[in-house]
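Next comes just one chain, in structure tokens: the form predicted on its own.
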């Protein structure tokens, strides 16, 4: 039979049901193709996850750190927006009157654009980080210098910057609700309005923002004063497009659940809102997730910027406030943020807390906030430092600093308890007993305090149900 000959009748009878099955299969494929698409898959980086809702997740970048490969790799991988940490401020861009210098600023800008990121401009008019020549001016001369500076910087970046922090930190701290007493304020109460009008004329395409700190809590006088200014500006046609909330949350200015109310109330005035300099003392997973969810709940929230990449890059490094540890590893707070941006695909990890001895009333402590593998654990007066914050993972690890585990250096009585880089071994896994004991999975022995005073060492020992082997987590 030639290669093009028709098959015989018997063969054709066998082909018919096969053909019908094939047609049905094709129709099934077509039906699948026209069916509604499945829900969007969770993204694996912060910027990509934020982009799903039309927002950005950005970072403050320092030009001199871009040569650090770990820093640059994280910044490029994770974020889709960049703010220059200091390079676009007044002293950096106009160190001598009338002589602009954009070398450092352009390094940050060019790196961001070459890596596909938008850029926020920070900041044009501010009482701080003024060059000496500007600090020596006052009155109409200073007012004109402010306008000239706005014109010069915005002309250089015209059409290239997504948002500008036109005016930064113009309200006083405390309960007065007054303007900050600064050389700019002393040029006349209309200086902020003048700055915004100059900025609009200089670059009509940029969003123009007012930016401040300690204005997240809706009940605070500073927040209310800023709200009144924005409302007045909108009523009178002063060109303000957005309000930036720095969100430097710490024990003196803690996160409050009414932050979402604040964002909603400003957005209702007809301005966009943004979280512009986020860092959180201790990097609480819950607080980070709350801030993200607050932004996601307000349609006019443009996005979030964290103020630095790793803790070691932070202006508040002692507070360990960022999403990455000094070595570049991700903290539990990173996962909480990513999950929130992805729509809460998993439950954010539990926050760390102290582990207090029943006999001593003192807490498990890493001496001197050390991070070296093998650092022996002690008892010490309880406080809120990160060297006493232990997070229990689903695997049974007790983690401190996000990447160090409570580690048993042996399986017998007296084995030392130390911190060590987490690696998944059973000597780093613990069971929480209903009686308050903490039992090593590998050894079956209990966490045991040898004494009750500051500096008392902690070891493994046969479980006895004594108070020196009972612990409470908070």
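Everything quoted here is computed from the prediction, not taken from an experiment. Numbering follows the first chain given and starts at 1.
As for the form predicted in complex with a small molecule, it is not shown, yet the points below apply to it.
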So if I measure heavy atom distances to the small molecule in the predicted complex, which of the stretches 182-190, 245-253, 329-337, 266-274 falls within 4.5 Å?
245-253
Does any heavy atom of residue 89 come within 4.5 Å of a heavy atom of the small molecule in the predicted complex?
yes
Taking 4.5 angstroms as the cut-off for heavy atoms, does residue 315 touch the small molecule in the predicted complex?
yes
Is there a heavy atom of residue 168 no more than 4.5 Å from a heavy atom of the small molecule in the predicted complex?
yes
Taking heavy atoms and a 4.5 Å cut-off, does residue 307 contact the small molecule in the predicted complex?
yes
So, a 4.5 angstroms cut-off on heavy atom distances: do all three of 175, 216 and 222 pass it with respect to the small molecule in the predicted complex?
no
In the predicted complex, the residue from 126, 157, 71, 401 with a non-hydrogen atom within 4.5 Å of the small molecule is 126
Heavy atom within 4.5 Å of the small molecule in the predicted complex, from candidates 311, 203, 397, 85, belongs to 85
